[in-house]
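We begin with a single chain expressed as structure tokens, specifically the form predicted alone.
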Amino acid sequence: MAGTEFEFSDQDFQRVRRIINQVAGISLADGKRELVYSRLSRRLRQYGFRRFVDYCDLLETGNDEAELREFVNALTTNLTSFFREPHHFEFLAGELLPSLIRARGSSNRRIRVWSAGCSTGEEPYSIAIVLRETLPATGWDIKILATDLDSNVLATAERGVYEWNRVKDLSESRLRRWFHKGRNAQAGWVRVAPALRDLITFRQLNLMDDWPMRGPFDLIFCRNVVIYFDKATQQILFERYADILIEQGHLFVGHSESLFKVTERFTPLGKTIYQRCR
């Protein structure tokens, strides 16, 4: 790229695309060249490099795992919010959880949820709110696993501390019940209540690696994640999701994502909600 701070050729861009695909399964589109340059320039400055080729050489040695994490963190997008795509949470509260309560009675009061690609935590905390508000207060064994590839956003999620503008659109009753307002030096911030934090375990996980958990999960949220993967990688991932879900378990994907012609193991229920059928 002429006239820029760092030397960045077409070959360098293709090399970055290849590395991020190998490391994280992410397929960068042709139009992401400027994004790559912008996001990775800070990493080159960190090492004093003048050329992208030198940075790629560093990554491909495989000797610096910490830098590989920084590389992935820089190229992943983590846009999220509390109760994003609200129809998913309405279905969870109004249909799915009441159905589970009726079906399980007193014999099986275990619920396992996976938020795959949890970003800064708004999604798993939103799930936790719905579970707490919908399920009986006692007698249920509830656990939420929240994972992400990006170690930086996971640190934010685990702290559970957010600026006021992240929660200001929630109802007054939810704000009072599930968030503690900061005072003095912490004014303008809120902290998630322990009753929600206690339900969630945060872990770093590359979806392309082996999964340490066995499940089974009752439902999986994987929203706005597979848009970064090619069809072949999506097929593998959805097969693995089906394998770790209970029979007739539910999968929630993002508004621009679809399982059409990707897998036959899920039945669409509408509005990017799917149910395992085999």
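Sequential numbering from 1, following the sequence displayed. In this text the structure is predicted, and so the values were computed from the model without any measurement.
The form predicted together with a small molecule exists for this protein as well; it is not shown, and the discussion that follows is about that form.
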item	value
Residue contact check: L149 to the small molecule in the predicted complex, 4.5 Å heavy atom	yes
The small molecule contact in the predicted complex: V225, any heavy atom under 4.5 Å	yes
The small molecule contact in the predicted complex: T201, any heavy atom under 4.5 Å	no
Contact label in the predicted complex: R104 to the small molecule, heavy atom within 4.5 Å	no
Among 78-86, 132-140, 157-165, 175-183, the region lying within 4.5 Å of the small molecule in the predicted complex by heavy atom distance	78-86
Heavy atom within 4.5 Å of the small molecule in the predicted complex - the one residue of A93, M208, A74, L170 that qualifies	M208
